[in-house]
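One chain follows as structure tokens, the form predicted alone.
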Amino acid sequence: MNKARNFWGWGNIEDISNPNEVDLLRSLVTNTFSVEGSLMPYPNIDDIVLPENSLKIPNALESISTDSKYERALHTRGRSFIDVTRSLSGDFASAPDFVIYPENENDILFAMDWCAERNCALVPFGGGSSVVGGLELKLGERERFEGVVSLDLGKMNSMLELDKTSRTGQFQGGMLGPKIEDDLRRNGLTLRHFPQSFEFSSLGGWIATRAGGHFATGITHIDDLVESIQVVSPIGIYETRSLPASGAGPDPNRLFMGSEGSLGVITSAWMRLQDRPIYKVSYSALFDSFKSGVDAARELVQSGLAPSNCRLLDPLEAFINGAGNGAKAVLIVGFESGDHSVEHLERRSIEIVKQNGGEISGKKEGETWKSSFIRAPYIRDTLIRLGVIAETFETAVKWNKFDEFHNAIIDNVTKGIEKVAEGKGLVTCRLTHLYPDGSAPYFTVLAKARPGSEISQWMEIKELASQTILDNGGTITHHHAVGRDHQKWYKSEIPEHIYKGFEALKHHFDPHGILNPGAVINL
């Protein structure tokens, strides 16, 4: 039986936190953050108020469109802390006028033509898991248009072709992660791309946002798994060539990676596949200090051993996720292969870990953290309902800058929490992805919320964190994308004339400016 998607928060309605989980979280937040701990009720679809439709579904799109209350609410926005907070308050004033479920590229092209003629914004939905304001027009943006239409590729969800000799496959952009893996599992293959949003995000969305997967080293972003793409833009339908590699000028695939639907809609892609892993090993290690764990992680990724998983949790992060007692940092290491034994890689990695002061502790911490990782978005929503600001931000920075960078973030964000949350809050860090030249630190903020001021509190912390990131050599995002929330900082971190070039591309591919206006490229 298919589960019902949650229209106001993360995931499925059936998987919202159970009473035991709520009681545990209530005990944690009342003691730690001095909040009352009463659980805010979540909205019922029958009780929310949506704006009247400003558009009538055209006859030619009627069979593939809906303006049902539930669908409009579901497609209103993404699933960030701000998104969930606004939805819990019953604010659905920015709901799209209707939702289109195209069945092919020509449906999309017709929808684009209709939106251009009617001056309507067309917003690709992906799987709806954006956490950077990627799906909702801001007030000033919305006023430029007669209406807003959401484009959901959920019906374009098939594997079109499989080339086992080349170990590649062509998939439609609306396929969600589980269906891709189910289709490949029958053929002994895997795409091996598992973001935290895996269950609720689509292939087209991954490519359009340059998503990062769960694996910590090697191919961490979707970019390197893409062989070719098919795109529909207001000026036509086009497909790049399916090749193992090419040195012929700028790569046209990368023109659309990260464009977040602002240049066109990715309707299918040829993807590089791998054999499903047969050999797997994993272990955890404890460190007296986070810095010792950082040194071990750096040596591991620079050793050429290429662990499939190498995640470092600071003591507080480990404790919150049940993977430690709060006294030691935890490093989770794993290796896998579809071809050969990996025990020799594990043995050498353990030597490196021990040389850096690590204490090998088995698999328990890693297994506990994995369970917490999967449940984290649901827990985040419950914390919000209990009166806690619960949000994350992530970045990437070179190893030579890491110590100073990390200290600056922790210090400044802690000061921000002291200012806006009466000092009732925490900031934690984990390393999610590792590269020979640097890492991707991922920070979690938990703080006491003031009823009615939650969003302004978070925005003050977010502003401080984002500026600290750029001031200390990091990027505004490693894998969460740009959307609207990061647009200001994204624009400041790339050369001015390159950004102007992106603006020219936007004008070329989307001459009427109807595609996801305000996201990434703010004209």
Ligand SMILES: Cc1cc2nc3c(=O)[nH]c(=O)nc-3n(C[C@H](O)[C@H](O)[C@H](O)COP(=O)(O)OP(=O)(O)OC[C@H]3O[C@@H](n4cnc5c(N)ncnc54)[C@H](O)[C@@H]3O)c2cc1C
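Residue numbers run from 1 along the displayed sequence. These numbers come from a predicted model, not from an experiment.
One more form of this protein should be noted, the form predicted in complex with the named molecule, which is absent from this view; the next part is about it.
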Just one of N321, T428, T85, Q196 has a heavy atom within 4.5 angstroms of the named molecule in the model of the complex, so which one? Q196
Exactly one of A111, I417, L300, A211 has a non-hydrogen atom within 4.5 Å of the named molecule in the model of the complex; which residue is it? A211
Taking heavy atoms and a 4.5 Å cut-off, does H479 contact the named molecule in the model of the complex? yes
Would F287 show up as a contact with the named molecule in the model of the complex if we use heavy atoms at 4.5 Å? no
Interface membership of L331, the named molecule in the model of the complex, 4.5 Å heavy atom rule: no
Is S292 close to the named molecule in the model of the complex, meaning a heavy atom pair under 4.5 Å apart or at it? no
In the model of the complex, which of the stretches 409 to 417, 95 to 103, 253 to 261, 236 to 244 has residues with heavy atoms within 4.5 Å of the named molecule? 253 to 261
Would you mind checking 151 to 165 for residues with a heavy atom within 4.5 Å of the named molecule in the model of the complex? L153
